[in-house]
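Just the one chain here, laid out as structure tokens, in the form predicted alone.
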Amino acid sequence: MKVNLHPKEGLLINAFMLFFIIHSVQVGVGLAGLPRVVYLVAKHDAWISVFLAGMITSIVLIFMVQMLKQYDSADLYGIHVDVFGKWAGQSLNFIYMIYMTSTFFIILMNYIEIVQVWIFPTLPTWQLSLVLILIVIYAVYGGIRVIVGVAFFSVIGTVWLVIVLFVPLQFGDFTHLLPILNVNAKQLVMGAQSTTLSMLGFEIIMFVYPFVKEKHKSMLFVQIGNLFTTIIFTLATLISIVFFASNSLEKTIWPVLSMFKIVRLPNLERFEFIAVSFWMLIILPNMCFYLWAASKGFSRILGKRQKSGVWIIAIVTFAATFLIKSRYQMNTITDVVAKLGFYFAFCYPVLLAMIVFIKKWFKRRGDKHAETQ
């Protein structure tokens, strides 16, 4: 198995597209319920926890990109084999492939739940899941450049929703934010950890990196993308705290979507229907990148065509949608994947980066020693 990938020139993307990639895969179904989840832990200082989570993500991204720079053009699957050998490396690759598939499934099911609650209560789960999965398969079949295009149009097509978020401020009460820093450091950190599901997605850089043209610019655009996400998440949380009374925010499952209820346009009473519909454009890049990364792992592990992996993973995911019978089951699975995501996206890449740095340092030291002989 090759450690370094050398994609064809036609598959390469410009470094500035990393801004759209990172931002689009971070913003997804998690944002809809983010303010409530963090508020339950950090109370009215939840917005500080969200900003702290963004800063922690920025640090993790530094480790990721610096690790990737140690190789000519390698992704996580190749680095695993280089560091741990064929069998242990492939085992880790398989575990990561399962994680990617699980996250793909969670995004799909959580969005379907939102659609069923807000727009079509009687819509069978399998119908919407089939449509979404087929759309994602079509995009992934087009290759990395098509998926990046989906991410680009997702950001451009939905950024206006951020402006609409400011509408509830006219009905808000800024005293809800006081007193600032009223909770202890432990609660702030735990609040930051509770944002895991919403912040996930940035780990995709470990699979996209080989396809970037100007790799020396990767760090800049990755950090800008994460900063933009952090600002939006912090604003959404802050506005939710200002708008809702404390007991209301604790009971509102999707506060961001609920705030859209007060938006009124001519001839349109239910603006939240528009928001939920546009949310599909927000989650598409998430699903596309996770399916692409998982199918890439399938290809690298088994030596099969990536397109075969796309279909197998998609069929398994579709079959799994029939196993979810209640919201309690969905919440349980979502919590499990969120906890796994904390280790797979935040903790493990930092540990792996340090192992790579140490290995490369010993290698360079050995090479210098050999030259002096």
Partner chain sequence: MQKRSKWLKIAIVISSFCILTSCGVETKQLERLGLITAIGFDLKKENEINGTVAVSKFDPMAKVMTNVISANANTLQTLRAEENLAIDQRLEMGQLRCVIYSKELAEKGIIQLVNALNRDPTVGNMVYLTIAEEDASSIIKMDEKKIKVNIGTYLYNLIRQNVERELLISPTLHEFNHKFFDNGQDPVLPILQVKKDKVAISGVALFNDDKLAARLSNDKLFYLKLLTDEYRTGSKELEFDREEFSNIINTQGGKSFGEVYNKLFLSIDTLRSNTKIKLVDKKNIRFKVEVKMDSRLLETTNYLELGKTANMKFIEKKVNQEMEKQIKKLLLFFQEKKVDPVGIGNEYMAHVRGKPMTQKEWKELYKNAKFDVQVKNTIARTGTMD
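Given the structure is predicted, the values throughout are model-derived calculations rather than measurements. Residue numbers count along the first chain shown, from 1.
What follows is about the form predicted in complex with the partner chain, which we do not show.
If you check the partner chain in the predicted complex, you find no heavy atom from any of Met190, Phe342 and Lys360 within 4.5 Å.
Listed residues Ser248, Ser91, Ser277, Asn184 were compared with the partner chain in the predicted complex; Ser248 is the one with a heavy atom within 4.5 Å. Of the residues given (Arg145, His216, Lys86, Lys261), Lys261 alone sits with a heavy atom within 4.5 Å of the partner chain in the predicted complex. Although the partner is absent here, Val242 is a contact residue: one of its heavy atoms lies within 4.5 angstroms of the partner chain in the predicted complex. At a distance threshold of 4.5 angstroms between non-hydrogen atoms, Leu178 is in contact with the partner chain in the predicted complex. Interface residue remark: Ile224 is not counted as part of the site for the partner chain in the predicted complex, having no heavy atom within 4.5 Å. In the predicted complex, at least one heavy atom of Pro124 sits within 4.5 Å of the partner chain. Only one segment in the set 77-85, 115-123, 94-102, 192-200 has any non-hydrogen atom within 4.5 angstroms of the partner chain in the predicted complex, and it is 115-123.
Of the residues in 279-311, those that come within 4.5 Å of the partner chain in the predicted complex through at least one heavy atom are, in sequence order, Arg305, Lys307, Trp311.
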